[in-house]
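Encoded as structure tokens, the following chain is the form predicted on its own, with no partner shown.
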Amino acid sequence: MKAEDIKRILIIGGGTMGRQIALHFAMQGCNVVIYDIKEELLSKALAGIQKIAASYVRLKRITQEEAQAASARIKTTTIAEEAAKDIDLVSESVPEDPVLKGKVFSLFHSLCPPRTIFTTNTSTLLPSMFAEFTGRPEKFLALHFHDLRTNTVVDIMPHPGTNEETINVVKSFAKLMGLIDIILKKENSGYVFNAMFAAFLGSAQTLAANDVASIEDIDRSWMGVMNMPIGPFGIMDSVGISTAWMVTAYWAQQTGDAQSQKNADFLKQYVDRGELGQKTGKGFYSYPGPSFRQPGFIAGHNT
């Protein structure tokens, strides 16, 4: 299969990233199917996509007509057999659990055509952790997106069993889709940017978990010194505290590092209260209108 032959995309998981990926591919002319386990999740996904598309129109990135055309190319289903029909490429964005990812890929291996390329959007896991469960490890790699609302960088990370043809097709396809491809020579947890980013967020978590400084002061320090509009805890609210917790907890378990476990326990308090960040209206800050966006925050006038 050539990159030009990839026309039908399956997005597994209609969460924050699944929505952005679906809209981007639809804007580039692909037909997209979003699969999730509940209709209510798919309804939220479509509503989220409409919201993103509307913001693109306001920013004049696309016209209203282009937004409507892209939305029309996106379908949803809770039926796996229907989702897998005639799919050229799969993009998986389910929670950061290698066992769950393996089960999902195993299911779709039995349903997708033999030509279908499987990709994972995992943030920190390695493709080799669940490659064998895909049933087609030679046609499997990581195609990892960041925030498509602000950038078009993607990481392409094969595992040792990925064949060169798959790597080349995905690389060419990324370019066709207007994406900036970063090719990893070998597997690395967190890819390139996320490896640096995880260390940044982890250091902020450690400061808070050890009660060195308040969440607000940690953010104020970063924002003030680096002249940035948002700090690490504001960023975690945007990413989703549950995602930050799952990643931190997983690696704490894998490494046995006591500080990482303390950081995971600190984040878990927010998860247990349902305070997951921007998407729930409350996390480290309250939304809309979080205090770090208000005039005087860095100076400490409203902390």
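Under this definition, the rigid core comprises the largest set of C-alpha atoms superposing within 1.5 Å between the forms. These numbers come from a predicted model, not from an experiment. Counting begins at 1, following the sequence as shown.
Keep in mind that the form predicted in complex with a small molecule is not shown, yet the notes after this line are about it.
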Out of 81 to 89, 164 to 172, 180 to 188, 117 to 125, where are the residues with a heavy atom within 4.5 Å of the small molecule in the model of the complex? 117 to 125
In the model of the complex, residue 16 touching the small molecule (heavy atom, 4.5 Å): yes
Examine residue 95 and determine whether its closest non-hydrogen atom to the small molecule in the model of the complex is within 4.5 angstroms. yes
Using the partner position in the model of the complex, report whether residue 100 sits within 4.5 Å of the small molecule, counting heavy atoms only. yes
Report whether the minimum heavy atom distance between residue 145 and the small molecule in the model of the complex is within 4.5 Å. yes
For the three residues 35, 41 and 104, verify that every one has a non-hydrogen atom within 4.5 Å of the small molecule in the model of the complex; reply yes or no. yes
Rigid core superposed, CA of residue 239 - does it shift 2 Å or more between the shown form and the other one? yes
